[in-house]
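Before any questions on binding or motion, here is one chain by itself as C-alpha cells, the form predicted alone.
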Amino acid sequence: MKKVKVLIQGMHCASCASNVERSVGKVSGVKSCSVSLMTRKSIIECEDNVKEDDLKKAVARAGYHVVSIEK
C-alpha cells in the first residue's frame, strides 16, 4: 500500500473535486481518494502496482490536469 499526493490544475468548485474523486476511485487498485479544493491536492491510497500514468489518465478523464505527483 502506498500514498500518493497529486497536485491538480483546473478545479474551481466542490463538484470538480467530487468528479476527480469519482474518476480516480474507479482505477483498479485504488482504495481511497480525497481531494482538497483549497490546496488543489488529492491524497490517493492505492496498491503498489498502481501506475502513475493510470492516475493521470483518471484525472484527465474528469477534465483536469495533473501538475505533479509526489510519493
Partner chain sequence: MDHKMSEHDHAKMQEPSIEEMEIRGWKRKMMWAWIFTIPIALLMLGERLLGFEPFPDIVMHIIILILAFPVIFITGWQTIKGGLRGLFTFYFNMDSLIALGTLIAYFSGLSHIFFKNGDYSGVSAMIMAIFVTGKYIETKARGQATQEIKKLLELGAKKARILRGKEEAEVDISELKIGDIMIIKPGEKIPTDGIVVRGESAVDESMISGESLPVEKGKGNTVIGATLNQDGILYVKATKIGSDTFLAHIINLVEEAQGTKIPIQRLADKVTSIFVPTILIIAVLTFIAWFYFTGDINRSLGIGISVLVIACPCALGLAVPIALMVGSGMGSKRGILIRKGEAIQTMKEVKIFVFDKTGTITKGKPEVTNIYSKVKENYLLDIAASLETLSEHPIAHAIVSKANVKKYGKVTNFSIVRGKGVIGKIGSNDVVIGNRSLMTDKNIKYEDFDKNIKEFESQGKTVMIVAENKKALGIIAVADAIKEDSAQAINILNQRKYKTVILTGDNELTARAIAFQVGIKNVIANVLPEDKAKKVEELQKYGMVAFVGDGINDAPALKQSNVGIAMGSGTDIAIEAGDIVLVRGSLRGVIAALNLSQATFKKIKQNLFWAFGYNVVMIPLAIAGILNPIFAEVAMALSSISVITNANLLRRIRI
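Numbering follows the first chain given and starts at 1. Remember, it's a predicted structure, so these values are computed and weren't measured experimentally.
Note that the form predicted together with the partner chain isn't included here; everything after this is about it.
*Asks:* Is there a heavy atom of K5 lying 4.5 Å or less from a heavy atom of the partner chain in the model of the complex?
*Replies:* Within the cut-off, so yes.
*Asks:* Would you classify K31 as touching the partner chain in the model of the complex, given a 4.5 Å non-hydrogen atom cut-off?
*Replies:* No.
*Asks:* Taking any heavy atom pair closer than or equal to 4.5 Å as contact, tell me whether C16 reaches the partner chain in the model of the complex.
*Replies:* C16 belongs to the contact set for the partner chain.
*Asks:* Counting only non-hydrogen atoms and a 4.5 angstroms cut-off, does A62 reach the partner chain in the model of the complex?
*Replies:* Within the cut-off, so yes.
*Asks:* Going through 1-39, which residues have a heavy atom within 4.5 Å of the partner chain in the model of the complex? Please give them in sequence order.
*Replies:* Heavy-atom contacts to the partner chain in the model of the complex: K3, K5, L7, Q9, G10, M11, H12, C13, A14, S15, C16, S18, N19, E21, R22, S23, K26, S34, V35, S36, L37, M38, T39.
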